[in-house]
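Here you get one chain, nothing else, as structure tokens; it is the form predicted on its own.
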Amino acid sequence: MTVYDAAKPALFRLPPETAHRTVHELLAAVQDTRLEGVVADHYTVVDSRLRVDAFGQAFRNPVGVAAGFDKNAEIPNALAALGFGFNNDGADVVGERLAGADARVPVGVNLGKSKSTPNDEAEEDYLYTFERVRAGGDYFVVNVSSPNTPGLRELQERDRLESILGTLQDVGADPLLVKLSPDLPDAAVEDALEVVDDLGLDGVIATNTTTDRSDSLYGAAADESGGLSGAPIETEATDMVRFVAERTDAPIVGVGGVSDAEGAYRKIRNGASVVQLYTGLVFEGPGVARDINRGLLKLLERDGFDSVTEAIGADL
């Protein structure tokens, strides 16, 4: 049993935000200290076969942290020390912190619209956010798919999406990706991917969380509103990765239910260049990136691939 396994029952009894903040503060205490190097030696897997180049970035491995875990951009290097190849989050209130950070992994900035901004002012809101964080981001993600911002998903409609993305491109947002919902009908996804190709976007994140509730869910929180992530959406998210990969050549970030090497490998073989996780980190603990990367190396060897790059889209 690891230290995290022993601590997990107590953490899980705390309110979710309190537990999140507790772990966050522990990682912040490690960052930029001698202990960070000790953590990195324990959790980082260094192997050239794991390297992936996508949307203008060189990732030392394909496993990243999804948007939301470090929304205030406080611990990019602590997450790097845990063996993650990159971090993807940000908000308009952390631009100064991002600009002053000396992150040792590529930092993606998730651009989201404020809940208080009406949709007819969305372009200005995204533009304002981008201008605040552009100096500290290595790539930028337009999030029009969060289920927790009322009305946001309406911005995935083709004309609105094209306007928002075009506005950002006009001011130099590059590399630029878009994050899509798993709840979109196939026709709407195809429309969005036509925008991706027409504008020459650098990548697609598939997917955000879902508002659907599986019959397999149980417990007092099973019917709560908001975005659902983790194991219940793993298959759906992988199917979405494949659907997107069959319709665009843009690199794909696979998100949804990744918690082990097999799950990450399924998304890679179905077209994802890199993957992200959040819930998997919560349940599996700080060793999850290390374990996934070690497992990926074994799976690559089993299937005769010399690198992760060779395995991308193998099942298409």
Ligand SMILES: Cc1cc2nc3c(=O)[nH]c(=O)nc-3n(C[C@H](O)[C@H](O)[C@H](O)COP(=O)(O)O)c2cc1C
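The structure presented is a predicted model; accordingly, all values stated were derived computationally and were not measured. The first residue of the sequence shown is number 1, and the count goes up from there.
One more form of this protein, predicted in complex with this ligand, exists but is not displayed; see below.
Visitor: I need the one stretch from 273 to 281, 55 to 63, 26 to 34, 40 to 48 whose residues put non-hydrogen atoms within 4.5 angstroms of this ligand in the model of the complex.
Guide: Answer to the contact question: 273 to 281.
Visitor: Please tell me which of T238, T209, Q156, T129 lies within 4.5 Å of this ligand in the model of the complex, judged by heavy atoms.
Guide: Of the candidates T238, T209, Q156, T129, T209 is the one lying within 4.5 Å of this ligand in the model of the complex.
Visitor: I'd like to know if V255 sits close to this ligand in the model of the complex, meaning any non-hydrogen atom pair within 4.5 angstroms.
Guide: Taking the distances in the model of the complex, the answer for V255 is yes, it comes within 4.5 Å of this ligand.
Visitor: Although the partner isn't part of this model, could you tell me whether K179 comes within 4.5 Å of this ligand in the model of the complex, counting any heavy atom of the residue?
Guide: Contact check for K179: yes, within 4.5 Å of this ligand in the model of the complex.
Visitor: Could you confirm whether A67 comes within 4.5 Å of this ligand in the model of the complex, counting heavy atoms only?
Guide: Answer yes; at least one heavy atom of A67 falls within 4.5 Å of this ligand in the model of the complex.
Visitor: Does the 4.5 Å heavy atom contact test between R134 and this ligand in the model of the complex come out positive?
Guide: No, R134 is distant from the partner.
Visitor: Would you mind checking 130 to 144 for residues with a heavy atom within 4.5 Å of this ligand in the model of the complex?
Guide: Going through 130 to 144 in order - heavy atoms within 4.5 Å of this ligand in the model of the complex - there is one hit, N143.
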